[in-house]
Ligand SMILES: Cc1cc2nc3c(=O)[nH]c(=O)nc-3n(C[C@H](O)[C@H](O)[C@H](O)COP(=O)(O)OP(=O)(O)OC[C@H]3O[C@@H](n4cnc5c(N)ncnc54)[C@H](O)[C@@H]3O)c2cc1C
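First, one chain by itself: the form predicted alone, in structure tokens.
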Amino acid sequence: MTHYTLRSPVLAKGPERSFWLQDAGASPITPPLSGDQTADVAIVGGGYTGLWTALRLKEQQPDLRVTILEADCCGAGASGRNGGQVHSWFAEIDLLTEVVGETEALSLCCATADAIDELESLQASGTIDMDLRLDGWLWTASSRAQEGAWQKALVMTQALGEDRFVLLDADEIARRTGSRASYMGIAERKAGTVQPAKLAIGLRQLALSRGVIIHERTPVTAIEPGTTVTLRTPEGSLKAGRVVLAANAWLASIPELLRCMYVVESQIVATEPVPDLLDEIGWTGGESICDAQAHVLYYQRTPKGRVVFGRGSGKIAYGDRIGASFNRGTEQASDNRRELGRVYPELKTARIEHDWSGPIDCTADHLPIFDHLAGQPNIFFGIGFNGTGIAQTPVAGHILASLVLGRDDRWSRSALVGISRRKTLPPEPVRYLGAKLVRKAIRLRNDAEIENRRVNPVVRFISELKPGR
């Protein structure tokens, strides 16, 4: 009989926790699962995907017994340590169209815009205090090579009658960001920033209030399939008729999922509070900002005047070997510090008070995949949010809930459902060695392009071997 063994997450502790988690403060931890328990639906993972799925299930069947098993505390993984950027899928409408077709791509993009409205409503009603600021999302260029990276998305949205983006010039970008590093781009109007750990904690509280059972500090070590699935934990077991796997990078332990996903380290820093300096340079809003490098920069000003600044793609995991080093980048965030000084020379002397990293799950086409495990019609999964999930995981919750409940609707029929039709990656060690080589080439290319220097043709060729765009 098939038996799945999961690698126990290596938990970030103390100063390795993200600024967001430390800023949100400690919440009472629900008791770990002990003894033998049962549920109608078991969810592995208490981040955004797991929590939204639980909430969607309860919306449709309030009497359903839903239990979440979380290895740490809810939101301790990628959900509580990301860049806090809130924007829709309209920026990826070209990628979506390649996978799901134009009609569904538009539908999914609109669904993420609806999710932003839902977040706004949750905050306005006082249900979740998440520091949501919908001051816009800026996608910018700071070198010739980055110019027009947004053109496909802009043209497609306009052709579909969606007025989502506005063009930006250098003066408008400087006015909104306080920086002259970027000089052209676009902005999504209904987008912005959030305190991601507060959002996760708020979703947890909302789920508990609706009767979802949550056991934190309860890693799932093994899954025993069957008509009734058994989830093994250190102090007990949970039996459920249906299971949802929503554990982000840690699902790389399952070989059929690993074929379609890879794990990279994200790295982020946060400065000391410098509100007066930021006011002086004109950066006063809550916009989220990205540039168009292959290893994209993303940053925001927090309400209290810190700068949170991240850069995509740190180290690569070999298979599912995600060790403690992923919680403390070996490069000591040198890239982030260097780029922060380039984008904001005024902040070169600002103290970096927080420096954190962690694993995230990525897919070859940069879009999530939903399905059930092969031969296991009652074990579902959602993987591959690629670091973009705040407005996307509410949609994932709809898809997974419909799959769990056996619905025949727009969500269960989504073309994001079905792992067999999606791109696969090479086996190890080819995957790992190739990824390291491509990563190095991308870094060299970025460094040249940011200074408008000529890129070595060999470096350019290797850098373009990366999956996705």
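All residue numbers refer to positions in the sequence shown, first residue = 1. Predicted model, so just to flag it, every value in this text is computed and none were measured.
The following text describes the form predicted together with the ligand, which does not appear among the structures shown.
Proximity of residue 150 to the ligand in the model of the complex falls outside the 4.5 Å heavy atom cutoff. Though the partner is left out of this view, residue 365 does not reach within 4.5 Å of the ligand in the model of the complex, counting heavy atoms only. In the model of the complex, the ligand sits within 4.5 Å of a heavy atom belonging to residue 83. Remark: residue 6 counts among the residues lining the ligand in the model of the complex, judged by a heavy atom distance of 4.5 Å or less. The contact residue chosen from 319, 178, 219, 202 relative to the ligand in the model of the complex is 219, the criterion being a non-hydrogen atom within 4.5 angstroms. Among the residues 389, 185, 314, 397, the one placing a heavy atom within 4.5 Å of the ligand in the model of the complex is 389. Of the candidate stretches 38-46, 416-424, 435-443, 22-30, only 38-46 has residues with heavy atoms within 4.5 Å of the ligand in the model of the complex.
Shown here without the ligand, the chain has no residue in 337-355 lying with a heavy atom within 4.5 Å of that partner in the model of the complex.
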